[in-house]
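Take a look at this one chain, the form predicted alone, written out in structure tokens.
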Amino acid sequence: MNSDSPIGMFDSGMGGISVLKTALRLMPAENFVYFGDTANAPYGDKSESEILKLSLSAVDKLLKYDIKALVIACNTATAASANALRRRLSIPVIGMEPALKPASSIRHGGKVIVLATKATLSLEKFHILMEKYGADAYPLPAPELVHFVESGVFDSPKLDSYLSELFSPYKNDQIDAVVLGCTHYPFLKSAIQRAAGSGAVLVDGNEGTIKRLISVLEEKSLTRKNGKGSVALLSSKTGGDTIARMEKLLYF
């Protein structure tokens, strides 16, 4: 392992591509290997033990590429597996969490809506976040949004209808911010903005995660500074057009 070694990244499916897009923008010289566990997506409706098992399996595949760091590009997988992975691995492990802290600083008398999977909202990591930054924050499970992205649907009447129903309890409230607490959700920003209202600021944790990765690599002198980086896309779902769809999302 050296500075030219790739950075490994995984997600339950295609959502983590939104994190990879941010990484390519901020770290153009780095090499990346991305694994989407599309055969087992989504993780958000699985038990913590099952998510941990799938996460460990995904990381085993990435370790074959002699990765110099690991990014868990999934809020749900981070909550369920980050501690275990940090105990097992000697390389840096960068996780994600719903961007409730920055969203709380945006609030000016209204509500903060936290969109995430059921698993993310139920695990201890999120409960700790809520205790620190959860004043006027309202968790809102949105499990179907993952399926829209995995199916390649980013804007449709059906999506609008689902989101309208999801936000209906808050239709008469002032929404200051919406936390996109799943890496799939940034691909649906236009539809989410319509449902939340033009006054709501949409906040995700992608840029903060990648800036943390950059900082850690710099501390360990593992930054690749020269040349143009590369991307390898892997999936647990064989056949079909999965990789082509990943590539489309990457340059969406």
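Because the structure is a prediction, the values reported are computed rather than measured. In this text, residue numbers run from 1 along the sequence as written.
If you look for the form predicted together with a small molecule, you will not find it shown, but the lines that follow are about it.
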- The one option of C182, V178, V71, A80 with any heavy atom within 4.5 Å of the small molecule in the model of the complex is C182
- Note on the structure: Testing 36-44, 189-197, 56-64, 217-225 against the small molecule in the model of the complex with a 4.5 Å heavy atom criterion leaves exactly one stretch, namely 36-44
- Although the small molecule is absent from this view, report whether V146 comes within 4.5 Å of it in the model of the complex, heavy atoms only. yes
